[in-house]
Structure formats: C-alpha cells, structure tokens
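One chain follows as structure tokens, the form predicted on its own.
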C-alpha cells in the first residue's frame, strides 16, 4: 500500500490547492471588501459557501483515492444515467437563476446539475472507449461518442444554459482525438468553428481562412471530395454566420454577439459592452504587480459585473496585476500537462480518456472565461475552474481530478481488467 501511494501525483495536488486558495482569496476580495456595500446579502455569503464546498471536495477526493479502478468503471454508466435524470428534473422542477433553469434545491443545498453532468459524461465516454473491441476508430463509433455527449448538451440547451452546453460541444473534438479519430476528420470538425469566429470578427479574414484551409486539405489528402467538403463546410459556416447576423437574430442579439469585438464603441459601451469595458479597465489598471489585496478601485467600487463568478479574472488582474495573472496561467498549465502525463502513464483507454477529457474541459473553461474578461469572446457565462465562486463547479472539477489521481494511483491494476 505504501509503495502504491508513491504514485500519488503531488504536483497536481499542489496546483489544485493553489488555484482553489487563490480563488477563495479573490472571492473574499470581491465580496467582503468595500465592494460589499454595493451587493445584497447573497454575494456576501459566497466566501463562506466556497469554503464549505472546498471542504466537501477535499473529503470527496480522499474517498476517491481509496476506491479501486473497477469501482469507477462499474459506476460510469449509472452516474451518466443519474445526471441525465437530474438534468430532466432541473428542466421540470428546477429554479431559474440568471435566466438558466439549471438548479435543483435539496433543503439548504443548491446544485447546478449541468456541472455534475460533465463528470457523468466524461466517465461514460471513457468507459465506452475502454470497452471497445476492436480497438480502432471509425465513423460509426465516433457518432456513438458524439451522441453520448450531445444528449446532456441538448438538455442543457433546453435549460437555457448555452454557455455550459458549448463546453460539452467543445469536448467532442478533444475526446475523438484521444479516441484515435483520423486527424483529417478532426480538422474538418474544428475548422467551421474557427472560421465562424472570424466571420464575426473580420469577414475578409474568414474568407481568406476558408480558401487557405480548403487548399491545405487538398494538399494534405490529394482527395478532391475532402477538399470540396472542406470548402463547403467552412464557406457554408461563413455564409450562415452572416445570414444569422443580418436576417435571423434580433438587433439586441446581434449587439450581444458583436459587442465583444469593440465593447467600448458608442453603440455598445452603455449597454451590452458595459461589463467587458469595466473588466478590461480593471485588468489594465493592475499593471505589473497589481494594486494590492482589497485595493482594486474597479473591484471595490462594484463596477465589475459578477466579479466573484464569471469575471473573477478581472479581480485577480486588478489586485495582483500581470504577474498574478501569469501565476494563475502557469498553475493551470502545470495541472493540464500533468493530467495528460498521468493519462499517458496509465496506458489504458479508460484512464487516458478521463485524464485527457478533464484537461480538455479545464482548457475550454479557461479559454472562454479569460476570453470574456479580456473581450476576446462574447459574454456567455462560463466560470474559471477552481477560482470562480460556485460549489457545484468546484465539486465537479475536483471530482474529475480526484478520479484521475485515483486511477493513476492504481495504474498497475489496469492489466487485471483485460487490457
């Protein structure tokens, strides 16, 4: 037993504890400094609640480290099914918060079930891949994996939580890549999202990328059908984006989408761009070393929207400056690299998929959240893992990390299960 615990990855634990600790400090600053007078009673409780959820997460991690590999493989499908039922229950009986009907209340406890669904979905996909015979990827198997992911994503869309649903969709190419799907097909899946983004930011750039990608796929594959499909997929995405912006969406929706391209413009800064303008002002005013804990003028003046949740990065940027922001990114980088290394060390598809999908999910959250705070992306309500306030998110993210650490702890046992 003592030798087994030498496999416990202390680097990942250190990164996790550091990120959670930084998050708790930032939440305190956002809700207990001078800014507290601008808020109702609920935000002032965020700090205490986060401490409680951190304690629950620690207990959950310790329990997970004592469980065998077979336990996680056995419960993968039941957990997935249970989270689907919770999503349906939230849709029917849940409480609406910030426009999304994603919450279930159990006495004094509230759970955002869409966060828990991430755990069940990743476990189910990993188990399906781990059971695969023969161990080759084809389109039929890829569609099965995509269906497993899209089912909870669809229920989350019905709850009006589009941001969380996008995280599930973003997991699709990551999971398919680590499952062995051909790289050409993966590029075909990713390219519409890239040109679609630039269709909003810069139409000429999107057109140039469409042409370049089509030419690249022809050069890479020498297959006319793939090249034509590449052009249709990317060019069609550009066309649909422009039609949606000019014909389908209302003026307010168009403003919400376009505001991130220049939130300080006259038509945006007083309404839909207001939050990003203040977020960037907070981050920019922090300079190299920041203004100091509880000293951020934007933060303590209550100017930043949802500054303990979606825009907590602006608190860190203002009070801890560029150096503090870099520390956050380095810690995230260390954690994700270690997860990929742990997955590779396990050499079993179940462990590899859980580790890589967990790292991928963290990356999607980080990219979108910091993109919102710095006006690189529209505001869609995605928390920063381990740092933003949110007990359900902290518990779900910590649970996935705990599963990876537990599987790696017993990585030599994978051979017992016939792989």
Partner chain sequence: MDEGRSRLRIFVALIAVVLGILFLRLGKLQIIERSDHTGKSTANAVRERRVQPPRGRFYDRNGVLLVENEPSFTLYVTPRYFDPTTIPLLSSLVMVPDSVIQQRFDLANKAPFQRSPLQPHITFEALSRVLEQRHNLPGVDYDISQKRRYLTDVRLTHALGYVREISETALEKHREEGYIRGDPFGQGGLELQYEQDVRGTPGSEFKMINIKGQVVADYLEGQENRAAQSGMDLTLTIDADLQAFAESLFVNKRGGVIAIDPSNGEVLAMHSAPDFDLEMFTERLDPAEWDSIRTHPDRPLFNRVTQSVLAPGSTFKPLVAMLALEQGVINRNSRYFCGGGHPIGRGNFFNCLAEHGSINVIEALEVSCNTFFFEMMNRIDVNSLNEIASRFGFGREPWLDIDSSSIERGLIPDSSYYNRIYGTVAERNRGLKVGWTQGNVMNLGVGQGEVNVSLLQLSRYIAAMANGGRLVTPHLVRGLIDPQTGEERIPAAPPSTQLEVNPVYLDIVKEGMKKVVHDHSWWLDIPGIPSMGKTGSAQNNRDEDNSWFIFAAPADNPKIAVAVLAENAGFGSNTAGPIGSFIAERYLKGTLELTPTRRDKLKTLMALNTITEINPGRGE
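Everything numeric in this text was worked out from a predicted model, so none of it was measured. Residue numbers count along the first chain shown, from 1.
In what follows, reference is made to the form predicted together with its partner chain, a form of this protein that is not presented.
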query: Three-residue site 24, 81 and 106 fully in contact with its partner chain in the predicted complex at 4.5 Å by heavy atom; finding: no
query: Contacting member of 366, 64, 69, 379, with respect to its partner chain in the predicted complex [4.5 Å, heavy atom]; finding: 366
query: Partner-contacting position among 243, 232, 326, 89 - heavy atom within 4.5 Å of its partner chain in the predicted complex; finding: 326
query: One stretch from 334-342, 151-159, 233-241, 199-207 that, in the predicted complex, holds residues within 4.5 Å of its partner chain by heavy atom; finding: 334-342
query: Residue contact check: residue 317 to its partner chain in the predicted complex, 4.5 Å heavy atom; finding: yes
query: Contact of residue 391 with its partner chain in the predicted complex (heavy atom, 4.5 Å); finding: no
query: 4.5 angstroms heavy atom contact with its partner chain in the predicted complex for residue 278; finding: yes
query: Residue contact check: residue 371 to its partner chain in the predicted complex, 4.5 Å heavy atom; finding: yes
query: In the predicted complex: members of 286-314 within 4.5 Å of its partner chain, any heavy atom; finding: 286, 287, 288, 291, 295, 296, 297, 298, 300, 301, 302, 303, 305, 313
